[in-house]
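Next comes just one chain, in structure tokens: the form predicted alone.
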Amino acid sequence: MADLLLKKGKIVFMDGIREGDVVVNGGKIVEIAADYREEATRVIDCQDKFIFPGVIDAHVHMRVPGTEYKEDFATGSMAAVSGGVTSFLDMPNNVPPIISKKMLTEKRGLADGQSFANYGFFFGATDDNVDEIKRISNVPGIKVYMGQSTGNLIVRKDEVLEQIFSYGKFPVVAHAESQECLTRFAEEYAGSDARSRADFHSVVRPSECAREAVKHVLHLAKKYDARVHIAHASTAEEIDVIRKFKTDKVTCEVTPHHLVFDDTSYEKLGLKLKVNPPIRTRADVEALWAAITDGTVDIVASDHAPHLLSEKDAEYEACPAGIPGVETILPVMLDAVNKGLLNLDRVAQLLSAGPARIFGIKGKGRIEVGYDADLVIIDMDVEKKISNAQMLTKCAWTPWDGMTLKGWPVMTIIGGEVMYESGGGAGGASAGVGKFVSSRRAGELDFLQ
């Protein structure tokens, strides 16, 4: 007898949507049938709903270790699961940053038994830790900050970038804003009256700085035939460069906030929208959507970067950059489907199969026999007005506060277990069910096991 049967759902595959049943046993998908007639321990009626592959959010900041007052693995993963995210990949700009094998091992220990969702960890690059990069394994990628962002991680030396790209074992995930360019504009606007403008962050970190950095890393990727992933592309200029260099080894992501908000949104939200890279123009937003349509953009990731509202309610210099987003990434994209901007199977490519492919996550991201039963039940007709009070993230706010979205996850299943039900919270599950996500490549040993 199967453990779980999802009955009469519209199953979202990578090449389209077909009605049928999904059979789960031992945490795996064991059968996909047009009409499964045998018994199961639990049967869930999915008629008029969609069965969607679990979302893999490939860019989050869960704030552990060091700033757990903003978020921790339990709160952040519960927020994730409530929004249909079944796995997340966490960034290394912690306190202290994750820049050694020892720190990476310790961080995994901190997550063990704490997360509702599955998890993996990126490793941070510095000007002097190339030897440490060569000691690690089982990470989805090496995060390279080319410009200063939250924390103090940055690679300034070109010779170090050359070494990282030439090593080639892991994808290089680039926060592509040129520090030289950022410094130049910061000096230009020092003492300027423009600093009082709500949109000053977009002025002082212009698209020029992103374009310069993207060109630099893509030339390095081409030189060394390396895999590179451009995080949170935000401008038409970046997209133009990425499109010229595009290969199977050159990938990029965009965020929901760069797809929805533009520089006029500062009028309502002010410095709540301070984020790196900044919110851009409406023309940039349209360029990102065009890049989703033509396939230049490979994935959408939230860049969930929670800060307390009390921290965001500050003068420009004191206000930290970053906004929460892990629990709204799927609803925002479902709302875009209802608005006719893309199809649901394309959303599955962007949120599920794409991250699994790029970051070497086996057995996840698709609804196929033998894959992990990480699944989301979606009702495309549900409309909800978002409010800060609904948010499960510890920071307890969202820039989507007051906005109405149509299309919502109503159930999240991880490893065959119901982890979240709309209106019912955690489906009897507890933190600790989430497991470490392996990103091993062929021939790698897993030093963390």
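Numbers follow the displayed sequence, beginning with 1. This structure is a prediction, so every number in the text was calculated from the model and none was measured.
Keep in mind that the form predicted in complex with a small molecule is missing from the display, and what follows is about it.
Engineer: Does V300 reach the small molecule in the predicted bound form if we count a contact as any heavy atom within 4.5 Å?
Structural biologist: Contact with the small molecule, no.
Engineer: I'd like to check something about I377: if you look in the predicted bound form, is any of its heavy atoms closer than or equal to 4.5 Å to a heavy atom of the small molecule?
Structural biologist: Close contact is absent here: in the predicted bound form, I377 is far from the small molecule, nothing within 4.5 Å, heavy atoms only.
Engineer: Examine P331 and determine whether its closest non-hydrogen atom to the small molecule in the predicted bound form is within 4.5 angstroms.
Structural biologist: Flag for P331 set to no.
Engineer: I'd like to know whether S87 contacts the small molecule in the predicted bound form, with contact meaning heavy atoms within 4.5 angstroms.
Structural biologist: No, S87 stays farther than 4.5 Å from the small molecule in the predicted bound form.
Engineer: Run the contact test on R211, T255 and R280 with a 4.5 Å heavy atom cut-off to the small molecule in the predicted bound form and return yes or no.
Structural biologist: No.
Engineer: So if I measure heavy atom distances to the small molecule in the predicted bound form, which of the stretches 269-277, 158-166, 192-200, 213-221 falls within 4.5 Å?
Structural biologist: Contact criterion met by 269-277 only.
Engineer: Among the candidate residues S137, T126, S149, S178, which is the single one with a non-hydrogen atom no more than 4.5 Å from the small molecule in the predicted bound form?
Structural biologist: None of the other options qualify; the answer is S149.
Engineer: Which residue, I358, A305, V172, A233, has a heavy atom that falls within 4.5 Å of the small molecule in the predicted bound form?
Structural biologist: Of the listed residues, the single hit is A305.
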